[in-house]
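Here we start with a single chain on its own, the form predicted alone, put down as structure tokens.
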């Protein structure tokens, strides 16, 4: 047993080192792959997480406050952190990121560094701490907790000077030390036009996060752990690499196309986060109660975010009561039910798989591992294989219209081109062609009745390591949004 385990670890080390030649016949030895840190791998495994935008804007009916709002307007009459956390839990959103401070500078915790906070509001007589209550509710629900602390502060007088960097650092320290484990720290590059000389000290801020919350991932255009996907529609690119060069990105001035696609030659692992709001705005507005995204729209976003190697960050803003609106909750419930129905039964599970090449001929990398429902078992071809393929015998005609592919990204992201085919009436028929796979790639196509399925890796940056090939039949509630798109 010990010898087998040693041999297995040796093989994993070879894969992680990226030994062997690339599957592109014209390429030379593959470079050592860029791989995720444990916190980044855990982040991607969440797949769907949630945002909560809540501040004085909710009560002024604005998207951006100007910092002159009186704390006296902030008074949610039926606030329930448990309603937020339980709703997220039931909807499958694994993390709740709270806007502890938005651009208006109003703080949802009683910060000692400003009077512009809940401590001067009528909510709970000024004795409340919303950040604390949400953090505790998340722990009770088993949901991870994250914070958004806006670098832009339209209320703080020191904003626009170097002294503001210390002010921000002090508030960041409060949030990182008073509320338990923090899963994600969200920063953007928003900056007021009247403070063009304001230079944010991101380096010092990030160092503090690493010191006080080493397991937290940090978000910005340039990461360092998670990057913006380049739009607020929730869509990753058809080609989406988890790698990029952080030093090519300027926060607040990044190229959206570069962020959307990533960079196959990138030296940094910075997966994409696809942010989008369930409503037209990021904060609650009663006029948008009839404009909440439908279940088919949300399902389509899921396929174009999680299904393209991204993580979906879905914003659900509470209303003036301090509750998630009934319509929003219903849509979240519908999204979860629809995805559960679609992906409940893997029609390829337990079937027979064969490959044109298997690394060392070992069962450790048998193609059948793609069908076992586990993410810690793999198929990988020999170094010398050219366009390796896996064929799944379905044991008879099976009808399906969805496929799920996954690379074992702990060894890096390598697939650069693939084709999925089905054996229909004795002939191979192309179902989908694509470029990247990454942590997860979901494919949609018209229903097909087939007896076999074949996945061919046309090109990769090194020896590919895959962990899943799944087949599914979509739920009717998915609707028509994007149905025929790969």
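Because the structure is predicted, anything quoted here is derived from the model rather than measured. Residue numbers count along the first chain shown, from 1.
Not pictured, yet referred to below: the form predicted in complex with a small molecule.
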Open item on the list: Can you pick out, from 444, 458, 53, 454, the residue that has a heavy atom within 4.5 Å of the small molecule in the model of the complex?
Closed with: 53
Task: Heavy atom within 4.5 Å of the small molecule in the model of the complex - residue from 179, 282, 205, 258 - done: 282
Open item on the list: Since the partner isn't included here, can you check whether the small molecule sits close to all of 343, 440 and 472 in the model of the complex (heavy atom within 4.5 Å for each)?
Closed with: no
- [ ] Pick the stretch from 102-110, 286-294, 136-144, 394-402 whose residues have a heavy atom within 4.5 Å of the small molecule in the model of the complex.
- [x] 102-110
- [ ] Give a yes or no for residue 156: in the model of the complex, does one of its heavy atoms lie within 4.5 Å of a heavy atom belonging to the small molecule?
- [x] no
Open item on the list: Quick check on residue 383: any heavy atom within 4.5 Å of the small molecule in the model of the complex?
Closed with: no
Task: Partner contact for residue 174 in the model of the complex: the small molecule, 4.5 angstroms, heavy atom - done: no
Open item on the list: Since only the chain is shown here, I'm wondering whether residue 232 would be in contact with the small molecule in the model of the complex (any heavy atom pair within 4.5 Å).
Closed with: yes
